[in-house]
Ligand code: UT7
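The chain that follows stands alone, in the form predicted alone, written as structure tokens.
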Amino acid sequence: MSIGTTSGRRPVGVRIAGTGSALPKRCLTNADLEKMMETSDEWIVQRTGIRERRILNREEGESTSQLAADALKAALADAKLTAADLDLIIVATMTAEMSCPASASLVSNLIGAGDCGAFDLTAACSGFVYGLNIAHDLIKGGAHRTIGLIGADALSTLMQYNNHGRSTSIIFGDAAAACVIKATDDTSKGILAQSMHSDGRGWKEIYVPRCIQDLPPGVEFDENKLGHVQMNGASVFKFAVGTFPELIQQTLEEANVAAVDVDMYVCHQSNQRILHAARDRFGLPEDKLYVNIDRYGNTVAASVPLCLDELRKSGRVRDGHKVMFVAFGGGLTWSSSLWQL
């Protein structure tokens, strides 16, 4: 989608003014997992690329909303703004502590944001990229000027660290990362192309059942399934391998931009093999498609912004760059957002 104007309004650009992240203190390595279940470091690394991940501790006060608040504070400091400057907070998460209130409201309270708007967005691993598109268009349309967008998840709260959950617990980690998105007079800045998709027919490939009625038809009841992530790994891998490069290609075509003209691809960290395959498909050099899954695992909605924060801090993503954000996950969902920073 081209950057346009809203009839009767002064043209406005949209920029990412600051980023920040927050991680739990505890590091859970593959060696630690070997002591909890039948697995091995070699097996995990070969199939996923993951060597360690962070796991929160509720007894020490760590939670989705606390990590989210810490990440947003860091992003505000980076943008040289305060909580009072925000007029909306969006938290992309699938692991809110409570169904009510929203994590975004808890974050607002923790950072002292006053009476600004706040809501949660649930699109699993695609949540943050969905949020980028929504926040951008809310600013572009004139409804808001400064939005705090956070991706925060604590999948450890939905895991079993034993043989019952070994197919999923090796994959996921906990984290939060945020960005401050702000209106600017520079109309060259903002989204060049975007997309948001979902195929609800694939909901049963990744889900978290709370009761027996939540199980898909034909799935035998097992109380170990309740309250824990259930994933058809083979189907999800096939979905990602097929969707990922196609999504990138469609977004490039919509923006009329060549793959080589994008300075960085910031992609959801689900599996290192999928990331490398996408890089090879478009002939990208290694330094144009960032990978940190080895250190954090799949952090769901925090995955993309965690990469972004690290890239900005290292100077590898900066003003003037074209950056494509891509994610896919439960729902099934997939989304892209190509920015001119």
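Note that the structure is predicted; figures quoted are calculated from it, not measured. All residue numbers refer to positions in the sequence shown, first residue = 1.
The same protein has a further form, the form predicted in complex with oxa(dethia)-CoA (UT7), not shown here; the description that follows concerns it.
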Is there any non-hydrogen atom of A92 lying within 4.5 Å of oxa(dethia)-CoA (UT7) in the predicted bound form? no
Please determine whether S65 contacts oxa(dethia)-CoA (UT7) in the predicted bound form, using a 4.5 Å cut-off between heavy atoms. no
Hey, in the predicted bound form, is S167 touching oxa(dethia)-CoA (UT7), heavy atoms inside 4.5 Å? yes
Interface membership of S156, oxa(dethia)-CoA (UT7) in the predicted bound form, 4.5 Å heavy atom rule: no
oxa(dethia)-CoA (UT7): the contacting residue among V236, V208, A83, A255 in the predicted bound form [heavy atom, 4.5 Å]: V236
Could you work out which of T146, Q160, T251, N271 is the residue within 4.5 angstroms of oxa(dethia)-CoA (UT7) in the predicted bound form, going by heavy atoms? N271
Spot the stretch among 176-184, 132-140, 219-227, 236-244 with residues whose non-hydrogen atoms come within 4.5 Å of oxa(dethia)-CoA (UT7) in the predicted bound form. 236-244
Would I171, M231 and N298 all count as contacting oxa(dethia)-CoA (UT7) in the predicted bound form, using a 4.5 Å heavy atom cut-off? yes
